[in-house]
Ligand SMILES: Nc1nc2c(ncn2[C@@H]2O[C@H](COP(=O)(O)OP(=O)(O)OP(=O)(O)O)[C@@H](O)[C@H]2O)c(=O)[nH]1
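Presented as structure tokens, the chain that follows is alone, the form predicted alone.
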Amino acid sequence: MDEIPYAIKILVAGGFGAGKTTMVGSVSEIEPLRTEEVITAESVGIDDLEGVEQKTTTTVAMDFGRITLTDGLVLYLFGTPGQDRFWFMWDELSLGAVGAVVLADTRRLADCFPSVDYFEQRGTPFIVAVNCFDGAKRYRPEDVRVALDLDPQVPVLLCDARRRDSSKGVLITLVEYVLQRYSELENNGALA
């Protein structure tokens, strides 16, 4: 009889145009569910395209994908919408999530502050993955940590959300961080 894999829910969050849909799609072993719609003239003045002028679609609900890390561990990935007009969905999407990836775009770094704040306020373990866009200035992870005023234990790493191996490395880093955090809580008696 086959063993049922352990499944955990992960959120992929970040600002508008940070690469959330791309990350979920690059790493998912199934055809990802996407709720993207074409950006129309009606979004002018609502959606800030500065720095992402070539963007033609936007997520209006969520992205969903799945990746098996080991025979016994499956990750269900839920990509959040990036615009603040869709943030009302975050509470529903985050139910049951054990951790989150905050994708950061250094061309629009301030756009990931709401994601960082959301997970900090809820005590959800998260890491920051700096998506290295072509032509964008590169920063060291430590510089991004300082700019975002993150706690020293929060992992910050560089990634290319288009590449499966890079996205998978981000998810492995998150799972390891979540396990470390829960182990620390357990050792301190906080999970008793």
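Just so we're clear, the structure is a prediction, and the values are computed from it rather than from any experiment. Quick note: we count residues from 1 along the sequence shown, nothing fancier.
Another form, the form predicted in complex with the ligand, is not on view; read the next lines as being about it.
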Just to confirm, with a 4.5 Å cut-off on non-hydrogen atoms, which of 134, 31, 165, 151 contacts the ligand in the predicted bound form? 134
4.5 Å heavy atom contact, residue 18 and the ligand in the predicted bound form: yes
Contact label in the predicted bound form: residue 27 to the ligand, heavy atom within 4.5 Å: no
Can you tell me if residue 128 lies within 4.5 angstroms of the ligand in the predicted bound form, counting non-hydrogen atoms only? no
Pick from 119-127, 156-164, 64-72, 140-148: which stretch has non-hydrogen atoms within 4.5 Å of the ligand in the predicted bound form? 156-164
